[in-house]
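Let's start with one chain on its own, the form predicted on its own, as structure tokens.
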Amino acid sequence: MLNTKKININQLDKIINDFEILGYAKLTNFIDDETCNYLNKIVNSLYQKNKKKKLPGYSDKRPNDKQVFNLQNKDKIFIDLISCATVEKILIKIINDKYYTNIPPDKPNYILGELIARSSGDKLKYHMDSWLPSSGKKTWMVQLAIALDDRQIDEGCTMIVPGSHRSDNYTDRNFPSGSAVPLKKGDLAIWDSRIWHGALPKKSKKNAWAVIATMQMWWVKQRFDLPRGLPYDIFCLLSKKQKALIGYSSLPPINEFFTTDARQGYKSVEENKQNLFLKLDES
């Protein structure tokens, strides 16, 4: 059911070049219409199921947005989506840690920070998601946005200030100009989390769902406790690479007698499984 676009070396080089210079890049037709429609159906169902529930720290701030948090806990297909070969090729070049020796260098050692679905509502002022500005060539965090519907100007598409990822400045929330990044259904956008970005207000009544994944170097704190929040039945379906993506290979050791290295690799996942899921197993 999950069909993702494959890229060649020239396409990969262009994405990396745009990402480094502009701070963002696009890949058209990343997923086909059938996959979009299938994921869209899941997202809409999840939203309708929980739309009346209060989300502390979110519901009062953005009442006109539609959002579904923690997609990785809802259906494995969303983990498959962000761990496909194309995404891996791109992100290994951007946020892999070359000194993470307990995982082979041609495999991802970055982790998932957050995985949501969002349909625009209110205008979103310019901000950055990296928490800290920097002018360096190397970033530690990126966002992937996969459009499940058209996200054009009237659907509240993303706005970006090209090159701002290297400015070493915190965001000017009311920056007067920027570049719209419209996406057609099935397109993928990737941007450096240091970049100044926001969203236009949604004028259309149509849904404009996108799956948005924050992907980051293994040592960056995740927004939620993803390893301990993942349902055990989904955990059992994941590959070693996918378990590492959720963060199981990068958990801080409880003390020095277990290990003194937080870059633990695949082996530690099985060794820690009983403790990680003790509460879930007992419930």
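The structure displayed is predicted, hence computed values, not measured ones. All residue numbers refer to positions in the sequence shown, first residue = 1.
Below, we turn to the form predicted in complex with a small molecule, even though it does not appear here.
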Pick from 193-201, 130-138, 104-112, 74-82: which stretch has non-hydrogen atoms within 4.5 Å of the small molecule in the predicted complex?
193-201
Evaluate Ser164 for contact with the small molecule in the predicted complex, applying a 4.5 angstroms cut-off between non-hydrogen atoms, and reply yes or no.
no
Answer with yes or no whether Val87 is in contact with the small molecule in the predicted complex, where contact means some heavy atom within 4.5 Å.
no
Please check if Ile116 has a heavy atom lying within 4.5 Å of any heavy atom of the small molecule in the predicted complex.
yes
Can Ile212 be called a contact residue for the small molecule in the predicted complex at 4.5 Å between heavy atoms?
yes
